[in-house]
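Take a look at this single chain, the form predicted on its own, given in structure tokens.
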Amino acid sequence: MTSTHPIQQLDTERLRQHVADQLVRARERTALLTDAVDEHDLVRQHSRLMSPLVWDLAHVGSQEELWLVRDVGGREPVRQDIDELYDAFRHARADRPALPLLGPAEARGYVRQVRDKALDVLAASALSGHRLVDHGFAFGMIAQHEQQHDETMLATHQLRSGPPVLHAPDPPAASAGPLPAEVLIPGGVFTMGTSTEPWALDNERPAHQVHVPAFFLDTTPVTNGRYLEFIDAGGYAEPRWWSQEGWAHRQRADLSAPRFWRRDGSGWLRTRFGVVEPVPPDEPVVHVCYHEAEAYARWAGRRLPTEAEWEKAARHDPATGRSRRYPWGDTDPGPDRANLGQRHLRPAPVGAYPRGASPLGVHQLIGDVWEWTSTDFHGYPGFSVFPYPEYSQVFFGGEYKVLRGGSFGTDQVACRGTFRNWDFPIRRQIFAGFRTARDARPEELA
């Protein structure tokens, strides 16, 4: 049994307004991220891992034009001549600065022109009648796409040098009181994925039954303080904690701490969006790759959870057997339940969102940091491409690991209990952390 989405309760006009609101929110965030820097910072490449910010700006317009203006709306192209420039599969990020990209003023004018036409298409759409527009799917897909690129641009801001240009209030302090180190997740079958969430993407579908044996899961993500114990114990110098692939990468990349950390006498500092500050011990560790997370887990005598374990902890309601949309229930995330949407520019201290806990008492599964799982990215049983293979299917295989839960930089429209992210296990510029798990022993289940 699974839950339904509030979108399915809306009449056409209220749905149309909801869609417009999501598109506007995404564009406001895009403007914030691109208006915060001067033209030099917009066009230059801050890291070979990332595109110039001006590429991302025009790319979100290009995708909106392709799907909403041309496909859904059947309108004439706005700038068909730039399709190839902003096709993410034609040009690697490292090569994009050499392309004849639209300049900042031209890119801003282009995305405004596309948005005006997209809103005209929205006003004329029945938002039903075929799968691409049912419940506003294509519009929701584009809102999610823009918010995903906004998170990518936020990561680019973290990589840029110079004084701070982004500002946000601090997250709330911990208010949950002392928390147990781990929570028992009972074994049994649960419904993984979704067949009912209207804006779910193809890799989240279909809903299917999965049996997960009983296991213990960290109550919160691993904190900086706990991760420092691993560093102080010589974890980066001990091959026994690392996989063969992970140890080779640790040596090749000369890893010795999370990215953006540096020693300061007997302590540690980090750089966060241009601010240099002491590493806060009670926040979830962030900017660690899969190999670091895996090594920490082994050092701690534990392991990383599988994707199915993570989703069961996040969605399964043991009282009803139903899979919820979120750990706390079916209502959308609010500021009292999860750290999302760039509301704050850092993870919140563990225990900051007691109202966001799951029925079993697992905290901060949504927001703060993406959480590495041990699972390779594949389609679910019965997977079907929709609406194009380049969103998910081309990434299936053993090269990518699944991340779950979203980060402080993930918008709620692109974050839910079924949402799946994936990346190379060496990636550290993303806002990724982790929590650990262990198998339950028979005597612990008696």
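So that there is no doubt, residue numbering starts at 1 and follows the sequence shown. What you see is a predicted model, and the numbers here were worked out from it, not measured in a lab.
There is another form of the same protein, the form predicted together with a small molecule; it is not shown, and what comes next is about it.
In the predicted bound form, at least one heavy atom of His59 sits within 4.5 Å of a heavy atom of the small molecule. The small molecule is not shown here, and in the predicted bound form it never comes within 4.5 Å of any heavy atom of Phe431. When the small molecule is considered in the predicted bound form, Phe386 lies well away from it, no heavy atom lying within 4.5 Å. The shortest heavy atom separation between His149 and the small molecule in the predicted bound form is within 4.5 Å.
Segments offered: 94 to 102, 186 to 194, 149 to 157, 342 to 350. Contacting the small molecule in the predicted bound form at heavy atom distances within 4.5 Å is 149 to 157.
A single residue from the set His291, Arg337, His145, Arg325 has any heavy atom within 4.5 angstroms of the small molecule in the predicted bound form; that residue is His145. Asn421 is the sole member of Thr410, Thr418, Asn421, Ser51 with a non-hydrogen atom within 4.5 Å of the small molecule in the predicted bound form.
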